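Only one chain is given next, in structure tokens, and it is the form predicted alone.
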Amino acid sequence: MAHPADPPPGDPVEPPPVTRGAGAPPAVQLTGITKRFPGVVANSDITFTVARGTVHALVGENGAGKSTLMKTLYGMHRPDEGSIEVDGRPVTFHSPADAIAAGIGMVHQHFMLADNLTVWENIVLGSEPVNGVRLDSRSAIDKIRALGTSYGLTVDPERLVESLGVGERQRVEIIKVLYRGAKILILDEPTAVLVPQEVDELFGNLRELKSEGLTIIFISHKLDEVRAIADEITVIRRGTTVGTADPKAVTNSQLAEMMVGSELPVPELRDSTVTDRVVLDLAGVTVVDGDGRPVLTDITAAIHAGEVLGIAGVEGNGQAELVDAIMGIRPISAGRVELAGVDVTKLSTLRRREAGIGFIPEDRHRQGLILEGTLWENRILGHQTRPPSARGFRLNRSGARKDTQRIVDEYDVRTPGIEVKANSLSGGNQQKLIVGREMSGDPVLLIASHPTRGVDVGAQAAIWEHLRRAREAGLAVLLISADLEELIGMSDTLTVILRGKLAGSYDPAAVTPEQLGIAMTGGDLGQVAS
């Protein structure tokens, strides 16, 4: 059958109207989907049925084939075998433009927005409305406001994206696909960077979209959230369908066992291993932006050997700048940074790395990997002057290859081999490669920024266990995470960062995620402060 025509440039697509009723065909029906890549069968005979007007969750461990399946539905891949039906009609997608024409939109885990453009400019990019030969900005802004009002996705179309918080950016991404006429939304890890209050707001938006007849495919590793929002859950494991589950009847443990064959992991530390030896000492650290405005003000903190210091905060409150200041990526305007008793304030990033800082970055694609590089080439990144990646002043390729294989084996990085490119791995396996690399070489301090973001429960458990073992061996850890359960469970000491300042310390044994979320937005929780 001929594939749908590409949408005409300049006009949002109007897909076929949604038909309701008990006899209506499924919004999406994937049957026998198989997709092979060199050396890997990513999907094998997968069947996936999504009823229209529902929220359908897709869960599975990293590498199970979720992303491949959704990219196939979105026209980014073509299946080697199997068929796709949308609203009961067989379709063949050659590109995302075909999927968009059929009423399918996808919101990716990593937001695809230009910070220097306004909200409306981001939304219409590629589908610009015109009046004659001129860009019709007024009609675009009016339509965006109308969409926001209809679906409870309020955001000012004329604001610059760089001024938006994480939750607002996500609303922009959802409006962007609705603007193009999507009636079926694929949301990839939509809550990965949200605090509890923002998750509640998102779920309210999704329920509103569902009430209007839209269909949502919700990909997540957070099983509590999946059970809270989904009408049905499909589990895939090692590239094939395991089964479906009723979120009202299934437990988290049962879902975890379907996904990975084991119990649900719990983020928790064992007996205290905190010593009196200070590894990282920050004294009055202040950082200003290019306009001279403070983004960090008088940050004073210490992390001891064997201690995990957790920092909670809504994204954009100075976490990234704090990491940059410690790493030497961003200069400080006042204060001092000491590592193991040595003042490193004026040292380069490379020298700080050589002094014993391991770094798991917030964005593995932008800061952690060369996606077109092989796994062993990525093993070298940040470690190019030290064994086993170097021998004297020369790169030691054989040493890097050998140690990459060790990391693959020890950290369960699922890959056909160390010569494949990093972009061939699932997100969770990319993360395990980074964690293994940064835990190598006996660091004295590990900066772990969202170390389990976008990974499944099995990979989560493995990363937590590696952090626990390293802590027991005396490693000092700075843990930054949007997962409040992880922060509470994996921290010896917990503090909140708010508008560039440390805004209070809390006892991980006493504070709840809800209380921590309130503190992160400036609420008063003196009764649980330690």
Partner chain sequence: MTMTTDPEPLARPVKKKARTLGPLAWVGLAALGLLLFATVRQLTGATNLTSSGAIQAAIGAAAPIALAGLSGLWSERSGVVNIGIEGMMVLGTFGAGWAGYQWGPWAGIFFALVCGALGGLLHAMATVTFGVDHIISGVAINIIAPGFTLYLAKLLFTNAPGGGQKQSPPVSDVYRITIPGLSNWLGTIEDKQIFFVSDLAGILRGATTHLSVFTVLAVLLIVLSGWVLWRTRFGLRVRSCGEAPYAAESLGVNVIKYKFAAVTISGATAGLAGAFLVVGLKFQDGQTGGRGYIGLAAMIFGNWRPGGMAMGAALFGYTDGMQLYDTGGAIHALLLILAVALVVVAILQMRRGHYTIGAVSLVIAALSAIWFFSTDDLPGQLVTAAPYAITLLVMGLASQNLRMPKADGLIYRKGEH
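By rigid core we mean the largest C-alpha set that fits within 1.5 Å across both forms. Because the structure is predicted, anything quoted here is derived from the model rather than measured. Numbering follows the first chain given and starts at 1.
Same protein, other form: the form predicted in complex with the partner chain, not shown, and the subject of what follows.
- If you check the partner chain in the predicted complex, you find no heavy atom from any of L178, R207 and K210 within 4.5 Å.
- Interface residue among E321, E225, D403, D281, judged by heavy atoms within 4.5 Å of the partner chain in the predicted complex: E321.
- The contact with the partner chain in the predicted complex, taken as any heavy atom within 4.5 Å, belongs to R159 out of R145, R159, R89, R336.
- Shown alone, this chain has one stretch from 243-251, 326-334, 296-304, 439-447 that lies within 4.5 Å of the partner chain in the predicted complex by heavy atoms: 326-334.
- Looking at R277, you'd find every heavy atom of it more than 4.5 angstroms from the partner chain in the predicted complex.
- At a distance threshold of 4.5 angstroms between non-hydrogen atoms, M112 is in contact with the partner chain in the predicted complex.
- Using a 4.5 angstroms threshold between heavy atoms, S83 stays clear of the partner chain in the predicted complex.
- A residue is said to contact a partner when one of its heavy atoms sits within 4.5 Å of a partner heavy atom; I216 fails this definition for the partner chain in the predicted complex, lying far away.
- Contacts of stretch 80-111 with the partner chain in the predicted complex, defined by any heavy atom lying within 4.5 Å, are made by H94, S95, P96, A97, I100, H108, listed in sequence order.
- After superposition on the rigid core, the Cα atom of V278 is displaced by less than 2 Å between this form and the one not shown.
- Once the rigid core is overlaid between this form and the one not shown, T118 counts among the residues whose Cα shifts by 2 Å or more.
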